[in-house]
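Read the single chain below, which is given as structure tokens and is the form predicted alone.
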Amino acid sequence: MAVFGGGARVLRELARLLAAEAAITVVAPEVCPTVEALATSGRIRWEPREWRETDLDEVWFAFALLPDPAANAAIAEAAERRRVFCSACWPEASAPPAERPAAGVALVGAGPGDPDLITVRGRRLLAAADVVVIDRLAPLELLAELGDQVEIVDAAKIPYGRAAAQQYLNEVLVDRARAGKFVVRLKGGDPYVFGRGFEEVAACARAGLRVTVVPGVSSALAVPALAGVPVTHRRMTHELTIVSGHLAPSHPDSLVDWAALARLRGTLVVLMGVTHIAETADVLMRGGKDPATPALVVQEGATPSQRTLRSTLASLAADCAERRIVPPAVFVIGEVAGLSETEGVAVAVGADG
């Protein structure tokens, strides 16, 4: 498949194509952050340039979704000459849902990766949306179910890469809702667990807007479970601590008391910690944590690309480097991370039952 265009509007089509397991090449000089993230992860191929007719070679279906109608028409003409199926225009807007909610904003947690892990209420509100503001950690497949009349806004936040400014996102939510739209802010995991969900709700409340909050399944709990490890076990731990690792322990803005965490006997779950995992492991060991403490890393949990790495606190950073662990990843440090699947349960990602 060839997709010409890289703006937020292509996300709906990409979601449908990915669900069909199509091989996708996106051709566009610039793309939105979510498309860039898909290319970086290898789920699609991106050609960062203007389109040319040879892009249609060995392609049986093309989507012309560039912002310039004349360019889309030219792609359609080239496709017709080569007898390639081409969708080069936006379908007519379908009627809004019969039970459409009143104008306002819904903050919806989409869960950790598998589109089936969104709550029933979250899915119902998503189906009624006029506008969906989505980030890259929310399951893109959920967009495939939306009508073509729904506006998609990409708010993807790629770690240590470009990101839509929070102020801009707040303004988008307020602007669309004030225009009489029902807006769904779709966030990965739970929107209040190390996300900026509350900031977005506060901005909407200051603007006098009605806000609905729908909690989501947090990756801090679900991802270890899907890797076969419980974050608590009644014979091993009576405490669970969830920490943001987006700042290095030595960073002056860090609010984490790492020395205190090192003394705890329970389970430590670190989110957003890939970049600083070497310093994190070091400060925990210097604080007294046993270097032999079991550690678990789950990359891209609750997705078909899920990878699991078992290690120890002392070897964690080196093993992550060797295995080329990249975000998003969840770290579990503690005795429960040493449980084997025969002691716990083998879990198949996306399996029924």
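This structure is a prediction, so every number in the text was calculated from the model and none was measured. Numbering starts at 1 and runs along the sequence shown.
Another form exists, predicted together with a small molecule; not displayed. Remarks below refer to it.
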Original post:
Even though the small molecule is not shown here, does Ser219 get within 4.5 Å of it in the model of the complex, heavy atoms only?
Top reply: yes
Subject >> 4.5 Å heavy atom contact, Leu284 to the small molecule in the model of the complex >> reply: no
**OP:** Give a yes or no for Asp154: in the model of the complex, does one of its heavy atoms lie within 4.5 Å of a heavy atom belonging to the small molecule?
**Re:** no
Original post:
Contact between Asp190 and the small molecule in the model of the complex at 4.5 Å, heavy atoms?
Top reply: yes
Subject >> Contact assignment for the small molecule in the model of the complex, among Val332, Ile24, Ala15, Ala329, heavy atom within 4.5 Å >> reply: Ala329
Original post:
With the partner removed from view, which of 171 to 179, 258 to 266, 144 to 152, 211 to 219 is the stretch that lies within 4.5 Å of the small molecule in the model of the complex, judged by heavy atom distances?
Top reply: 211 to 219
